[in-house]
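Here we start with a single chain on its own, the form predicted on its own, put down as structure tokens.
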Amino acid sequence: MTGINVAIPKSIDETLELLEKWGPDAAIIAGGTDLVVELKDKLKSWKALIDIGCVPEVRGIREADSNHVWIGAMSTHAEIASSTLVRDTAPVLANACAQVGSPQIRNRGTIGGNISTASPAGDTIPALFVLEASVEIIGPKGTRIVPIESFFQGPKKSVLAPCEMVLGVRIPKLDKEYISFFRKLGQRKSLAISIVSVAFVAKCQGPGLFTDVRVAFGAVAPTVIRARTVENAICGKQLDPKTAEYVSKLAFRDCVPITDVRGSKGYREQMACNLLYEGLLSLLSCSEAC
């Protein structure tokens, strides 16, 4: 990690100038929870690091308008998990952020970093998928908005150009009628990368009856995926524990996992079904109050 230039810009304009100056030889650093590990293990090498910790335009959690919440790229997982605005309007994201790594990681790691890293195991990403969030990107040609499902192109690959950066995410608010959950499986209860994760959002129309169903799985494909087969099987159907078990077993149809050191293909498929089933059972009891 020696011989690396470090710049600390004070504005977006200054950041973009530095990105254009260094091009692909530069990397944006926010919390550094992934990037520093890659440098230490010599998995990546850059000539310059651009620390955006002092850039005000990428900070804050606020209402963008009456229907949307905006979360700056430098917002930490701890800040998001504890935000009353996020807990009230996008609770599945607050729940996901609360389960990221250790307290130290949650206090340093940022949502912009989690998105930009483009790992299919990123904990916040399934939640952003079911919230149908959009990513705000800025570069030399200006600002563009990309739907979260279109942002990722493969493991560690995204639509970000070398001189672009994530400004933040824009999230539609969920009404009070919506119900949600986020669950993950790691090799330990905490401090572990997800082997499988699942996020769920739906509008509760009555006990066991859901519409506008959205289900996303992490770590079971080259990118986080929406489970359309499961969504269609749940939407508008009356669920009870038996039918919940049946639709949960459909999860494997949307999953295309690999075998790696954290889990085999078959194990991930089975655990995707199990996590979904556990979550649905928890919602069935909650939906009785709808």
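Being a predicted model, the structure only gives us computed values, none of them experimental. Residue numbers here begin at 1 and follow the sequence given.
One more form of this protein exists, namely the form predicted in complex with a small molecule; it is left out here, but the text below deals with it.
In summary, the region of this chain contacting the small molecule in the model of the complex, judged by heavy atoms within 4.5 Å and restricted to 215-223, 142-150, 121-129, 199-207, corresponds to 121-129. Distance criterion of 4.5 Å from any heavy atom to the small molecule in the model of the complex singles out Ala27 from the list Leu39, Ala233, Cys255, Ala27.
Contact check for Gly32, Leu35 and Gly101: all three have a heavy atom within 4.5 Å of the small molecule in the model of the complex.
In the model of the complex, the small molecule sits beyond 4.5 Å of every heavy atom of Val55. For the chain shown alone, Thr117 is a contact residue for the small molecule in the model of the complex, at least one non-hydrogen atom being within 4.5 angstroms. Under a 4.5 angstroms non-hydrogen atom cutoff, the small molecule in the model of the complex lacks Ser180 among its neighbouring residues. Proximity of Arg108 to the small molecule in the model of the complex falls within the 4.5 Å heavy atom cutoff.
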